[in-house]
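The chain that follows stands alone, in the form predicted on its own, written as structure tokens.
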Amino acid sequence: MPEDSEGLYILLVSIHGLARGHDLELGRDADTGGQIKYVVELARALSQHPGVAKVELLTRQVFDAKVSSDYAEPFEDLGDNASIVRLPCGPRRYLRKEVLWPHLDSFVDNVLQHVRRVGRIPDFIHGHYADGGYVATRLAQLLGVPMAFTGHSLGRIKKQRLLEKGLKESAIDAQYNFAQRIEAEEITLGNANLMVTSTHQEVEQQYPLYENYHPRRMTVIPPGVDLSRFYTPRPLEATSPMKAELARFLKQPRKPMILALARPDERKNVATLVRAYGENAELREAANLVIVAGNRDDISSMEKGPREVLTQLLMLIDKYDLYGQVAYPKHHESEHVEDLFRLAAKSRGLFVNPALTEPFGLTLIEAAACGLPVVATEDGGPRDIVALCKNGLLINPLDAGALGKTLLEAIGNKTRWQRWSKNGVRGAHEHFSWDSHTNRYIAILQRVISKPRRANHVVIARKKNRLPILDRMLVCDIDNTLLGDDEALESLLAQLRDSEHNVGLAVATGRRLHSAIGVLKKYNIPSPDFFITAVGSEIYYGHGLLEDTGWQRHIDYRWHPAALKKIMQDVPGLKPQAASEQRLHKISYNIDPDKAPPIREIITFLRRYDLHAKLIYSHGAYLDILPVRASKGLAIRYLSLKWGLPPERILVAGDSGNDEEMLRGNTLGLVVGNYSPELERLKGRPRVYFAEGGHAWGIMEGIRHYDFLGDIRTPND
């Protein structure tokens, strides 16, 4: 247990999709699937553990007439000290996960403000999926707490499967944004204290494809499943409303039912199932096929991905003339899922999951609890589930012919079907309870938390320290931003002195402290309220130049400078900068871009040796290596959290690549006119203003743009 006797405070981060505590809209779209159900039930289950005081599931707040107003509510009580907290993340409307990446830094800033309102630093953070992992990593870096990661589905695996299916790499990268997703997964794996996986197959075959694969940090904890609604058919049970719905489609509804339940997503591979059924005359004679692919009103009005999947489904049904043999209802409620399983079991049918990749497969366990045998993809979770429950067969999801033969064989052996049915019910209850899941989960968390890692976020205000009373803060890079035009600098300083508000001035620079002090004195610039120096690896306060030792302890995490220096000797095109530029938490090189490999290759090189560092390339000539928790941007957010100054009241001005991270997020970003090409990628972001004026003229232009010395005008995302 942590030192806080109240029990653990755990944050779960699951950003995309639509999460609420009731009537989950599973299958509504590609983003609202098993992960949503898992994290909601995990939050509830963890909150019931005696060692846990508070669990919050952090997700995206959505204001959109096309979805329920439930998703706009900032807070939803799940009972037993568990809640869903919805925070702004980019535009108010509902967005698919592939376009959320530019808004995740703002989500991080909003989480930090939420943590401040709670008044307690979480003990542990668990990120789900690549976007949740990215956010959890940033939060863990800023708060100095340990974190876990669950991928749910991994970018490298999904890309590989789609390529095997014959799709073009350019097309799938454009649709799924795999490059950004996979890099986020790499960063998360490099920072996570713990990877929680559902199956051994993930550990043995999926995660090894990543550069940051570290099996010693992985643990397999099969998800718990709430089986209270999932039970075998009962003789006097009321007729399911789905029975009449399916009868609309089927000429012989009493035949065994082959049931598929999946989102309309290319990766769920429903088209192969239809081909398998349509091309096997014996199977068509022996069984009906029922495909429940989410809910829809008008296919033509759906997003491109689901629209294409459903259109292909209807075309295949028409191609094989499956009318009267295949049911594909448009709507179902969440409580109808268990009815469908029982209908299929009563018909002595099967549940089939032909997904290209299946990280776990909660529906397989739910089907098993209803006495319905399964045929499922040989990838991922089904391997462990079928091995434990002994209730079905595994198939190659790309082989339609073999799939059809397997389905026919599975329903044809009545004695084995009965054995599978009984095995599934017993196995689901023996191996997949929430109690066993949470007990193991908390035991592992407590071991991780017991290692002292947390940064100290409490600082006693000293005399002359204005930070507690500041209303807003201007943070500037020094060289080529604050400096470069003497007349503009004098005008800027006068403007700040004459402001009627408590405006702070800070510098964030690649220079070491004494170099920064020297150049500021040379130009008669007043001592800043704080210095962020050495590219964000050091923080000092005010006139006394008091170093923030909590920041030093915070960024020392996984920092191995000697090993890094030794390895970097083998990288061509790099020359160490002068000894005066090397710091405790910064290694600096001059770089010859014509001789040195791309930065991405250097990162890959370091990962092979399990070395964790942040590489910052600037001005086309300099390379700084920092701890993973250090940067100008992270330092600003650390200070924002510590002193309670919202990011929206911090104006950040910079000109080069080592300023990029501090310009992103909820801070008011300002790029002066004389900027370096590395910052071009930030153009178009609503909170990054590109000034026409150079140096301090650009800073004053940005001050006017944001009305920073007035009411502060915050752009909407």
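Given the structure is predicted, the values throughout are model-derived calculations rather than measurements. Note that residue numbering begins at 1 and tracks the sequence as displayed.
Although not depicted, the form predicted together with a small molecule is the subject of the following passage.
Taking the partner from elsewhere, N658 is found to have a heavy atom lying within 4.5 Å of the small molecule in the model of the complex. The small molecule is not shown here, but in the model of the complex it comes within 4.5 Å of a heavy atom of Y622. Proximity of Q325 to the small molecule in the model of the complex: non-hydrogen atoms within 4.5 Å are absent; the residue sits far from the partner.
The small molecule in the model of the complex is not approached by D485, whose heavy atoms all lie more than 4.5 angstroms from it.
The partner is absent here, but in the model of the complex a heavy atom of K586, alone among K268, R342, H554, K586, sits within 4.5 Å of the small molecule. Checked against the small molecule in the model of the complex, the candidates E76, E581, E338, E245 yield a single residue with a heavy atom inside 4.5 Å, and that residue is E581. Only one segment in the set 507 to 515, 220 to 228, 362 to 370, 194 to 202 has any non-hydrogen atom within 4.5 angstroms of the small molecule in the model of the complex, and it is 507 to 515.
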